[in-house]
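Quick setup: one chain, the form predicted on its own, written in structure tokens, and binding and motion questions come after.
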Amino acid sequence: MTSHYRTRRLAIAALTAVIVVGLAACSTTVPNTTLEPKTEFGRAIDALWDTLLFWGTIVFILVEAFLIYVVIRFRRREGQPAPRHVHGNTTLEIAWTLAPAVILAIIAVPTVKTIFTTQANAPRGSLTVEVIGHQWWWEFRYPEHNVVTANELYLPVGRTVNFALKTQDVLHSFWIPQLGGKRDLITNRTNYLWFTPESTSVWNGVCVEYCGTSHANMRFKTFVVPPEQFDAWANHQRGGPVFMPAPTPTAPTDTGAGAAAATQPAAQASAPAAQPQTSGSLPTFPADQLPLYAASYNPVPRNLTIGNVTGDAARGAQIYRTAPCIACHVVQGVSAGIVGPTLTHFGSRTSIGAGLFPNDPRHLALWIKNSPAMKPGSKMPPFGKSPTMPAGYDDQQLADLAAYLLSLK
């Protein structure tokens, strides 16, 4: 009775799992699928996959059919003698040696052809983008436009892009599932990857080579935009920041420990050193229009909070000039750091922490307060006042710094 009950429970559990998996497979929202390629590189890989799946399925069916036949045909029967052993059948030995060789040849031909196609040099006139992997964020350089940015990759639709892939420290791997890849970033070597984006959209990018504590948190967003918007974006990124106040968030709340905690922007800050450009419609992708699959909504640690204070960008600019930030980060005309991501147009980015959190006043103030708590292994030290760091910034100063950085558009 116990065995029957256990079998019945297992059957119910298995049926439930099948139903859940089946319902999940019915979803049409598949933003990270590799089976709907949007580049010629992706289609080449997809075609190879289809070919191997086709021949693999045929081999599987034939082998399983033969196995079932043998099991049934030569099963043990009452009253029959033991089967006669066969040894030294040359024909059979040649057959089971040649069959795998033929199968491997069928697999090898399209595989080698695809390797040569995807490893060829990029076409002339391609847009060069240097990708540099860091623990744990991405740096993107556009030599043609003299632009350097971080964690948000802009590409023009219809133009081939040639990626030069390097690493600043350990091994990383660059992958945008629907566009193409993946390709490794190897120490003391430059690898190349090229493809042509065929449609405008927002795509997720990730590191797919284990690189340390926050490997899973090393993400980036790819914005494929019309050529004219890309040119406008590149021209904007090449210049100094436009100083604009951050938008006021609605109903600010703090998820940490249930306490209300939000920082709201104040008035527009004046340019600390460089002359501000004329503000207006920015050519960057607006954060409030991000599709759900590309949004950043990771939880903040429950014990990390900030007071309900309003940041002032002008005060934040003064704090930034003497803060340790200037040793690590670049703000054109203000600081020339050499370690962390450039912050020149930081306020126009959609996320912080390499895609982990939305780029808004509260999350940014919390990030400055204690980034290692928000992203394990973060090399940016905590700057918030605490018993172990009494000389750190209080919540008001953190909010001011956040307001200033968010004004750098």
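The first residue of the sequence shown is number 1, and the count goes up from there. Nothing here was measured: the structure is a model prediction, and the numbers come from that model.
Keep in mind that the form predicted together with a small molecule is not shown, yet the notes after this line are about it.
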query	finding
The small molecule contact in the predicted bound form: C325, any heavy atom under 4.5 Å	yes
Distance check, L343 to the small molecule in the predicted bound form, heavy atom within 4.5 Å	yes
4.5 angstroms heavy atom contact with the small molecule in the predicted bound form for V339	yes
4.5 angstroms heavy atom contact with the small molecule in the predicted bound form for H329	yes
Stretch from 71-79, 299-307, 230-238, 134-142 whose residues place a heavy atom within 4.5 Å of the small molecule in the predicted bound form	134-142
